[in-house]
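Have a look below at one chain only, the form predicted on its own, in structure tokens format.
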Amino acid sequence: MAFVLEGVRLYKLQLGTLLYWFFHLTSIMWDVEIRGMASAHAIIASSIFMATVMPAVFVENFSVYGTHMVWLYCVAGSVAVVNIAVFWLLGISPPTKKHTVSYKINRLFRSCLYFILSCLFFHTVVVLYGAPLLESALETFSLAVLLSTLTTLRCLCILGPNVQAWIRVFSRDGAMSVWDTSLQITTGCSVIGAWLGAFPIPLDWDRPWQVWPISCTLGATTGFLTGLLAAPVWIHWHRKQLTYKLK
């Protein structure tokens, strides 16, 4: 009887030790995952800062308001390049099951097609919300390109050209990784920022940033930066409630 009790005691001790190390390692994995996300987001945020500062060296009389289209495409291009590079280096992009050249070309083609369709979608939505249909069409489409870069491009980098995965992530409780949650937060913040940026346009303040679509692009960019900052903080704060598996 004493032998059985001793065995039970040792079993409980070993089980407790295993559970301790399991939760300890899980906590370490969480910390590593969140630190990696925070580092990636810091690099992406710094690309926006560089895209705002560097053109002043090459473009005469450069300013966010005066040469807004130059600034917009500098930010969009910088965010696009850095996003693709960061997610590729971190291995966040979903692995491809096929390694043939034709499959990779098809995947690249579908990604480009989805991005173009996203630009057209955002352009249509912005027009339906009151943007000029023909007047300032270039500016409206440029806003759509920026929004697609801040939202759709990240979906392509994290989830690939997989519409089913996109629907899953943006459905209720659809996130399956910290990167999915980050995608939800940054996308929502970018769209809400662009929407909030439209409110000052009809006001008679006669400010240079009220010219279409400056306030919307600034709002989208500010919302995107807010999402980059908020995502790691929110995930770290709610890590005990998040039950999905880590990648």
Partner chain sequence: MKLSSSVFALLCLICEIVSIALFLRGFFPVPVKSSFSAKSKVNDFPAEPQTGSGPNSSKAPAPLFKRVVIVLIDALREDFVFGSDGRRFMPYTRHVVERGSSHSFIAKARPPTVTMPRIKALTTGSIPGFIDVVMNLNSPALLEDNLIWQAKSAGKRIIFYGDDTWVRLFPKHFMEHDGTTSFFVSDYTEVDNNVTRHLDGTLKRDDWDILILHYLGLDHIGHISGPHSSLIGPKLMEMDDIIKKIHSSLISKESEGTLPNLLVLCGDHGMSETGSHGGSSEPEINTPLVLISPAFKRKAGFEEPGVLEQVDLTPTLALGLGLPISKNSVGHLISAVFEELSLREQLRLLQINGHQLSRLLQDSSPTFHKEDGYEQFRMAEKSHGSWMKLYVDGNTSEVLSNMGKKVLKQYLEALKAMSSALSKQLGKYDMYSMIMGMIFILQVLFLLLLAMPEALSREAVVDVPLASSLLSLPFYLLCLFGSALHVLICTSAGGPCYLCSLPWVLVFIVILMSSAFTCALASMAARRMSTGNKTPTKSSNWTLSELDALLLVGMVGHTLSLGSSSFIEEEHQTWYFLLNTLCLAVFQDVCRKYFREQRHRGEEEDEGPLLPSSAKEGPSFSPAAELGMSPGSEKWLALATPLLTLTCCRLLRSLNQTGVQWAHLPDFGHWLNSGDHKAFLSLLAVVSLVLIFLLVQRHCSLVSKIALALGLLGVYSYRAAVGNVLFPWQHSSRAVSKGTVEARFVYVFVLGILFTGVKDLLRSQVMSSAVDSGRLKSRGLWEVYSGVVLLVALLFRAHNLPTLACCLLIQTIMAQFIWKKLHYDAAQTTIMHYWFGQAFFFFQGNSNNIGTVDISVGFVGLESYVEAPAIFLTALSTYAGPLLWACHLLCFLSSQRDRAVMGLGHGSYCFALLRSIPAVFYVVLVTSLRYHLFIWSVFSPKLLYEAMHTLITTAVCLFFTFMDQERSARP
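Numbering follows the first chain given and starts at 1. None of the values given here were measured: they were computed from a predicted structure.
Keep in mind that the form predicted together with its partner chain is missing from the display, and what follows is about it.
Heavy atoms within 4.5 Å of its partner chain in the model of the complex: which stretch in 178-186, 60-68, 201-209, 43-51 meets that? Selected range: 201-209.
Original post:
Considering its partner chain in the model of the complex, which of C112, V86, V127, A137 comes within 4.5 Å of it through any heavy atom?
Top reply: The residue from C112, V86, V127, A137 that makes the contact is V127.
Using heavy atoms and a 4.5 Å limit, would one call G160 a contact residue for its partner chain in the model of the complex? Because no heavy atom of G160 falls inside 4.5 Å of its partner chain in the model of the complex, the answer is no.
query = For L133, is any heavy atom within 4.5 Å of its partner chain in the model of the complex, or not?
reply = Judged by the heavy-atom cut-off of 4.5 Å, L133 is in contact with its partner chain in the model of the complex.
Answer for S102 alone: is it within 4.5 Å of its partner chain in the model of the complex, judged on heavy atom distances?
No.
Requested in this report: Give, in sequence order, every residue of 168-191 that has a heavy atom within 4.5 Å of its partner chain in the model of the complex, or say none if there are no such residues.
Outcome: Stretch hits, in order: S171, R172.
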